[in-house]
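Only one chain is given next, in structure tokens, and it is the form predicted alone.
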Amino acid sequence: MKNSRIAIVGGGPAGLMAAEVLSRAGGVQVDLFDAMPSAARKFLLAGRGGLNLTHSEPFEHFAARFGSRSSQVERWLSRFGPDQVRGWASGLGIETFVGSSGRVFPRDMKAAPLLRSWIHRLRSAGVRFHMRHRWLGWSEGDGGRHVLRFGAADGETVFEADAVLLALGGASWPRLGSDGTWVDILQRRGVDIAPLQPANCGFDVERWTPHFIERFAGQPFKSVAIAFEDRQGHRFERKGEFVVTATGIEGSLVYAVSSLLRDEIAAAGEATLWLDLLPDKSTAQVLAAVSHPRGARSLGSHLKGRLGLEGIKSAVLYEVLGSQAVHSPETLAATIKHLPIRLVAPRPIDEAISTAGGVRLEGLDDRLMCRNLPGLYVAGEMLDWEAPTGGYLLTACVASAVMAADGILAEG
């Protein structure tokens, strides 16, 4: 690819990492385009919560986190995985540490210093940034080159490239540039795309009562466990916490099982999540406590005194059981350990943390080039895969970009 012009469309982590690999090769002019006024806005917003870069768990466990796409993603990670992410950050002068959960963060828990250093290094390497350039598709080219159209502040412009790498993100952060408008452009060129769906998202419940919403919307369920099994027998069980919303539930514990819940709702119209309010106590222990004579005490006082059950945990029992909770200790104990929450819909994609669906990997070669559009590569969240929270998404996004950039260089 000596003396070639490479266009990268998308200025998030995947686009920036592809620019880094390509610019290091030498003899290649790299031009990066993005619709926003500045690069990596979603990356910066994520950094407000501490910027979870990757995860420290063993590689084989890390690579298994990507569901049906684990075998493909493992290939990317073998080229650029969690250890390489930490080394890359160190090269930018950013020290990292492993938190108690195994997640890896910058020592100062900030995204901005890393991003400033990264962009400075890319500019020094000759990468040219074209901000406020919204990709509109292709013009007719010749000689196998790609002629790209962009909407810019001073009108439409074109850019001719020998190869193009698209890293436009999903559709879950439209105000930060990830709006999914690339779907129609690529479908018109014959690229096979799986429908975009919310990932790591919240869900609407069948119904919360107005009283429950008024008192508890925004409050967390802490020290609980959830269980779910779909029609295919995929089972999920985990302790943690999540939050009640005005329409349903969201939060880290819900996000961890969101792909199974979303797909079950799509297939069956609903999904029932089972909540254990006291995961550290057995059903027999709970039954003994609720069966103990309570005298003149109210049921709420009895549950608080015998089990420490109060507030939102006590209130959700009445949401499910109503007056039955007063009359049946067996039903009450069973529900404390196995409380059903009926979910009817995922929240809209623009509220989700990330996106599932995208350019199907079956339409790409091993280097992530479109089989029917030679010279067009795709990386990052645009691809048809998904990841849980915990640094997995960011790591696999940049890993796919390294794979695609390697493919561009190998093509030459």
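Don't overthink the numbering: it's just position in the shown sequence, from 1. Just so you know, these numbers come straight off a predicted model, no measurement behind them.
The form predicted in complex with a small molecule exists for this protein as well; it is not shown, and the discussion that follows is about that form.
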Of 208, 135, 318, 242, which residue is found within 4.5 angstroms of the small molecule in the predicted complex when only non-hydrogen atoms are counted?
135
Candidate from 279, 82, 248, 177 lying within 4.5 Å of the small molecule in the predicted complex - any heavy atom:
177
Within 4.5 Å of the small molecule in the predicted complex: all of 35, 173 and 393, by heavy atom?
yes
Please tell me whether any heavy atom belonging to residue 18 falls inside 4.5 Å of a heavy atom of the small molecule, as the geometry stands in the predicted complex.
no
Indicate whether residue 404 is a 4.5 Å heavy atom neighbour of the small molecule in the predicted complex.
no
At 4.5 Å between heavy atoms, is residue 376 in contact with the small molecule in the predicted complex?
no
Are any of the heavy atoms in residue 181 no more than 4.5 Å from a heavy atom of the small molecule in the predicted complex?
yes
Quick check for you: of 44 to 52, 340 to 348, 360 to 368, 23 to 31, which stretch puts a non-hydrogen atom within 4.5 Å of the small molecule in the predicted complex?
44 to 52
